[in-house]
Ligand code: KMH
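In the block that follows, a single chain appears as structure tokens, in the form predicted alone.
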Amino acid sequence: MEKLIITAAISGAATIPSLSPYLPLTPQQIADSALEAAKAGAAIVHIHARRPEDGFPSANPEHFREILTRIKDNSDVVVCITTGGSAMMTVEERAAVVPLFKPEMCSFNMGSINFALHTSLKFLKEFKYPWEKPYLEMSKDFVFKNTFKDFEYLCEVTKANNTKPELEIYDVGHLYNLDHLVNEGLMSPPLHLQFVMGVLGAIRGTPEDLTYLVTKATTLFGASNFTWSVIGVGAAEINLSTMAIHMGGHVRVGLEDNIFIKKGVLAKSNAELVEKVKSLAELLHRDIATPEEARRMLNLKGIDNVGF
């Protein structure tokens, strides 16, 4: 079985600051949290930027630049930049970081979904910033748009910059979308699939759903033509991580996806979540991949070929 690639998703755009005092918000905090996660065992860090003054999701290139350069100056960890951005951004705004920074990897969302965050409102009585409550409320009537036109644009951008797409699969139909792109010659194996499970509006984070996604991907692409990782949103994170370790897949954890280290106990850092998965891997006799090993496994262009 291949070594386990652990990805740490540092801050995201879905987790609002009022949900956890440990969520990194400023560029320095995000970079430092990524470095701590890498030291704990993450081979890849997944990066969103936020406005330092209030934690609102940001597409500002200077926010990204500060994060990326600080990480690269202090670690050889693989950086995967978001092209998911936030609900307020066009696909061009979301993807602008790719030609600008030429990362080794970037996220690539494989379909439109209802992306609902409003259920968090029942757990919150006070908010740190004025934007947070409306941000959650609007998600009740929001579709995260990722169309075939968007796919074509992202295929062009990633190919032009030799950036490996991390293909975000939120539901089984997204595998069929990807199959179409492969058949049209817009996307070529080896593919790296990231199963995103547990978002309200997409596939749930159940064991049978994970096994079905892996089985369907194998049917469509052939087992030798893709690698896969799993994101369990919320309570599903550790359970699905354990399954993926056992099944030969890879794992993403982090405060973007889940703020708890165990039931009712907030994780104090991304590194703490990485360490928990690392301990599970050790129990299941699965070795952890270093950043350089992850680069070889995923056929990445290397840290010397990025633009930051």
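Start at 1 and count along the sequence shown; that's the residue number. Not measured: the values here are computed from a predicted model.
What comes next is about the form predicted together with this ligand, which is not displayed.
Shown without its partner, this chain lists V196, V97, L210, I71 as candidates; in the predicted bound form, only V196 has a non-hydrogen atom within 4.5 angstroms of this ligand. Out of the listed residues D150, D171, E168, E132, E168 is the one that sits within 4.5 Å of this ligand in the predicted bound form by at least one heavy atom. Heavy atoms within 4.5 Å of this ligand in the predicted bound form are found in one stretch of 59 to 67, 278 to 286, 252 to 260, 35 to 43, which is 252 to 260. Using a 4.5 angstroms limit between non-hydrogen atoms, W228 is distant from this ligand in the predicted bound form. Taking the partner from elsewhere, H48 is found to have a heavy atom lying within 4.5 Å of this ligand in the predicted bound form. Not displayed here, this ligand is kept clear of F142 by more than 4.5 Å at the level of heavy atoms in the predicted bound form. Contact between T163 and this ligand in the predicted bound form is not found at the 4.5 Å heavy atom cutoff. Although this ligand is not shown here, in the predicted bound form the stretch 112 to 132 places heavy atoms of just one residue, F115, within 4.5 Å of it.
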